[in-house]
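Taking the form predicted on its own, here's one chain by itself in structure tokens.
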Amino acid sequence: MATLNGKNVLVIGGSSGIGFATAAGALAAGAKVTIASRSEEKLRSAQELLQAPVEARRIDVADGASVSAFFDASPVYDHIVISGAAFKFGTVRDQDIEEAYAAMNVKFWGAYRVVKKAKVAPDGSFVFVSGFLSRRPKPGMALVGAINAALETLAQGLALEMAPIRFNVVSPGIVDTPTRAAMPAEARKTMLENIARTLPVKRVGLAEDISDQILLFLRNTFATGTVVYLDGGGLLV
């Protein structure tokens, strides 16, 4: 198993949730970490919470010019994690086509732009974060499931096209992240408890559950083209 000590790790979406937990784990393993996201305010807050030397830089993966400028001024990274993509979703009949385009643009094409422009060490890796809807569609989530499936297939194709650089995907189930914290507290608590009762592990995921697998992918030099579904057994029920 390779070490992360002294490695340059970029976490896009590292200002909150799964990305933040990944950044914290990489720092604990001795990596030199850069967190990036659209919100400078969230980046500053994350820097303070991490309580360790970490670079914070703004990037908007939905904007090609922003991605190009970011990587033109970047070093060679050993590992890049792409986590977090906020967008609107709804049923195909109800969602505006512009909103659907925007969703695909930020999560799928955002990852595509990053891969195209990033400078990565030959023995380095990428990890994408998709979502279990790629395997278990739900009403009102058809587009989200399709985007996640496309991202997973993209990673597998890139694992061949850009070898020996490695590409892997972590596909979470329901995770209690700051996105859900925006809900009214009682409604959030009830929703998460109801979901937990349906899962074999009897709890929903935490950001650290997902970041542990991401960090394992960064260290495991034999893993590429692999999609791991971390859903508390949700695909089994």
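Residue numbers run from 1 along the displayed sequence. Note that the coordinates shown come from a computational prediction; the quantities given were computed from them, not determined experimentally.
The discussion below concerns the form predicted together with a small molecule, not included here.
Partner contact region in the model of the complex: 104-112, out of 158-166, 134-142, 104-112, 69-77, criterion any non-hydrogen atom within 4.5 Å of the small molecule. Not displayed here, the small molecule is kept clear of Ser211 by more than 4.5 Å at the level of heavy atoms in the model of the complex. Interface membership of Gly124, defined by any non-hydrogen atom within 4.5 Å of the small molecule in the model of the complex, is ruled out. The closest non-hydrogen atom of Ser16 lies within 4.5 Å of the small molecule in the model of the complex. Though the partner is left out of this view, Ala118 does not reach within 4.5 Å of the small molecule in the model of the complex, counting heavy atoms only. Of the residues given (Lys32, Arg203, Arg188, Lys42), Lys42 alone sits with a heavy atom within 4.5 Å of the small molecule in the model of the complex.
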